[in-house]
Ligand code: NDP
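Only one chain comes next, encoded as structure tokens, the form predicted alone.
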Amino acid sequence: MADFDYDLFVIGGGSGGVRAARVAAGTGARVALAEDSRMGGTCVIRGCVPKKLMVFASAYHEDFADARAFGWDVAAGDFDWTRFSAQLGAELDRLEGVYRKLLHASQVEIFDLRARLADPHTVALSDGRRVRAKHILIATGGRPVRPALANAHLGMVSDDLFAMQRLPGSILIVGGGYIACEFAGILNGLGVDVTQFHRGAQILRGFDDEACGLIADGMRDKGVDLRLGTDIVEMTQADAGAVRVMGSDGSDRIYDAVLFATGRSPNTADLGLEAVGVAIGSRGEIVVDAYSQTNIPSVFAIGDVTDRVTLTPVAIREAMAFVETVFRGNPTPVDHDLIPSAVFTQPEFGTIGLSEQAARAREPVAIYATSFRPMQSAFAGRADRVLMKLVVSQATRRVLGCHIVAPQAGEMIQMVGIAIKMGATKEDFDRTVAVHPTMAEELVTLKTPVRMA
């Protein structure tokens, strides 16, 4: 009789966990997966997918205005949150069903139960059963957290937004990261009166300063009341479920809702990690090596629970590398360098590589950049501006970073990311013929640096 019930037991049914389970099963391994919430995890159920659909919905009011400027007789009605949220729920149900079908087709056994480690090879399920596995993979993701503030329970976190029965008339969003800024644009576009507090001097800390400044200006131009250097002093319950907030800027206002977008933490609570001896970092993350292995040889972890690069495609890459390493005998570390990403603010932001400030701290650089009103927006009479920016090493001429603030910036940075990952130089960009008329053509027509740093 075999010592183990499974070759692999995965805890967590998000994008990374599901991919690892399916691909491992494809090697002939006996695989099981436990998920105590909905299959698909943060990205599919309460993150990337529903958020992007909300971004689409929120942009239509500007599309209607642009259509009129382009000669169309268009009359926009009111946004119906109830109708949209019902359609959104149906789409998420469909996607969850797809994930389950993929697991079943791969012959992965599913446990819709809470799971925790009992020892390095044993998983304890919440129904009392225990199963043994040669390898255990933890892919439990992360969760939004509320700040240590009196009455913080009166505010929502990002998970709660997708379950709202109705849109609030007004909302205070607290935070300056990508989640805060994305939802500020979404809710503003859907007709909500949005105020945003951020205690820092600029939004989107860690990204390129010039790009962040343009995004902040664009958010304000579109109607978001963005207040930097501002935090909550006190919040109390008001009538009819509203919240009264006193701000450090002297403001005192009642909001229909408050959203805390002040950070996320790895989902490591109540997994039995400490009892088994799995090393945990200062932020609650599972500490792993380059091959996603913990200090306990049979236990691995991937995705946001490791707090390396908290992006869904990265979790999927880590899943693939884990299977390659453990089940195909080909040790494969994950390359976390030069990962393109998009922030679905309004205006949208695509970025890869070093920011100007980070590059300057490392070596002398040349900065090529331009900002302008794109053709479509200018014709429609909107003040929107875009930014195309390349950060270039003076010594090697290699493009160290690219930062785009523009409509469809995420689509553009995916393509640019290939060139930069391959080590393209500024001269490689220069040799590429422009596609005209497009916004992206500016990336290959930037001839003179705007500054040397």
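The first residue of the sequence shown is number 1, and the count goes up from there. Small disclaimer: the values here were computed from a predicted structure and weren't measured.
As for the form predicted in complex with the named molecule, it is not shown, yet the points below apply to it.
- In the predicted complex, Ser85 stays away from the named molecule, with no heavy atom inside 4.5 Å.
- Not displayed here, the named molecule is approached by Lys51 to within 4.5 Å at the level of heavy atoms in the predicted complex.
- In the predicted complex, Gly175 approaches the named molecule with a heavy atom inside 4.5 Å.
- The closest heavy atom approach of Ser355 to the named molecule in the predicted complex falls outside 4.5 Å.
- Of the candidate stretches 122-130, 197-205, 73-81, 274-282, only 197-205 has residues whose heavy atoms lie within 4.5 Å of the named molecule in the predicted complex.
- The listed set Glu363, Asp335, Asp231, Asp112 contains one residue whose heavy atoms approach the named molecule in the predicted complex to within 4.5 Å, identified as Asp231.
- Taking Val258, Ile179, Leu117, Ala211 one by one, only a single residue has any non-hydrogen atom within 4.5 Å of the named molecule in the predicted complex, and it is Ile179.
- Of the residues in 228-265, those that come within 4.5 Å of the named molecule in the predicted complex through at least one heavy atom are, in sequence order, Asp231, Ala261, Thr262, Gly263, Arg264.
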